[in-house]
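Consider the single chain below, provided in structure tokens and representing the form predicted on its own.
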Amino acid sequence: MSDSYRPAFHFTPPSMWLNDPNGLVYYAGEYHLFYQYHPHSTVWGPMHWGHAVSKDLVNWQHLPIALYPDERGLIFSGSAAIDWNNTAGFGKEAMVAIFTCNNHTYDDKKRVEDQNIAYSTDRGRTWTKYAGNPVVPHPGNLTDFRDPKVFWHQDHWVMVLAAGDRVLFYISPDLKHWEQSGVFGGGYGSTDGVWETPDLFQLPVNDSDSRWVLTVGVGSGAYAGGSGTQYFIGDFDGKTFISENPKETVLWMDYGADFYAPQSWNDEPNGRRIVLGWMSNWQYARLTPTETWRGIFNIPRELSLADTKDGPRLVQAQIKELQTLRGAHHHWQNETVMPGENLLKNISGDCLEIITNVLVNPQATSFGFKLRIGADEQTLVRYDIQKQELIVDRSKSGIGDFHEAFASVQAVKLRPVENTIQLHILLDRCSVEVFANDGETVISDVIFPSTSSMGLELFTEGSELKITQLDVYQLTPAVFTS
């Protein structure tokens, strides 16, 4: 069982524990991915920054650990940026990591977290910690003060920092000297859990308008229970963020149980806003049934904004580079499926991409896909026509007794568009991600089925199903090298 759940095309550590993505930056032909890493255990512990690079966000090369804990503390989450103008004086086009040091030894009663920098002048291969750390000292009155996201804005650096139930903003001319410039939170959105891993970026709404998006991880109380990711839409004036929605508006990036701590790449060369999330949940992350490794990232997603009747909202799409993994292809057009029939009975697999457009038949009760079917096992992706709900049911998906919250069912409202429901499903060996109506709604869940559970079924209940288009691809593994 040791590697039977190892994904074919989702990023996992070479071994041991992984959680938040950190330091996402593009430089000199490489997408850099740093991440929270414990190289000596499959459960969370003394945090390092693991490191990998990719030319296409699909195939990855593992590199040596970038940052190690030291006398200042553990290396918690943060970001990285290219200092194009050498504002810090570390050298031409230095790569600068900005991270939280967590040190329990300053005060036995509470942890102390402060913000630090390190730099590299050899494309991120070796790192030097700044002798003047910390660059943002612990303020003394906060227990949670971490996860800096840093980027260049107009003529200064901006730091977005999580602090309890709010986000703090700092500005700097040189990455070394910071002053607080604003605060956001204090009752906005979901406040049931501690706020973590913020990110801030601008996206166009249409040809003449744009908005700023602030994403925030919440440690508990998320839509599907446990940890999850919310976002806010508004404006950023270079110093602070202002939400355009009422305080009580709660917007979720993902309605599944397993999408947390997302961060976006700085300096993406094609101008895309691409995010990567940790595909787990703090409720059970330490307990999932893998042996030599633990932790997986969601697929990289390209973000955009859609102008809806409720205002601008995030839309998420699989990056186009994933199409390079497509293998055997099955295609149907204008098919009618009757209850009890299975159009896909001759297809099986644990790594599949499914894209379909279904006309909603009001006489039917539901339709969808059964994935990873085996003896008493299946993962269900279902659309309830009467309730207008998209549902992912992993209650019978395989091993799930390691935590009471795991064998769960997620349901979210989803209205047809022009009487059509569009689904784009990515299935890997231990995960399913469902993008509905062109990424308007996303549900992401990890699953742990038996290796023999490979069946696939398209079903309809109550009446016939009219499919305007259906494509199923077998997906080939990505390449992970050391």
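On a predicted model such as this, the values are computed, not experimentally measured, just so you know. The first residue of the shown sequence is 1; numbering continues from there.
Just so it is clear, the following notes concern the form predicted in complex with ligand FRU, a form of the same protein that is not shown.
For the three residues 19, 196 and 278, a heavy atom within 4.5 Å of ligand FRU turns up in the predicted complex in every case. Interface residue among 369, 265, 76, 255, judged by heavy atoms within 4.5 Å of ligand FRU in the predicted complex: 76. 146 is the sole member of 149, 301, 146, 294 with a non-hydrogen atom lying within 4.5 angstroms of ligand FRU in the predicted complex.
Using a 4.5 angstroms threshold between heavy atoms, residue 232 stays clear of ligand FRU in the predicted complex.
The closest heavy atom approach of residue 188 to ligand FRU in the predicted complex falls outside 4.5 Å. Ligand FRU in the predicted complex comes within 4.5 Å of a heavy atom belonging to residue 260. Ligand FRU is not shown here, and in the predicted complex it never comes within 4.5 Å of any heavy atom of residue 68. Proximity to ligand FRU in the predicted complex, taken as heavy atoms within 4.5 Å, picks out 42-50 from the listed stretches 422-430, 42-50, 443-451, 59-67. Contact residues in stretch 24-40 (any heavy atom within 4.5 Å of ligand FRU, taken in the predicted complex) are limited to 36.
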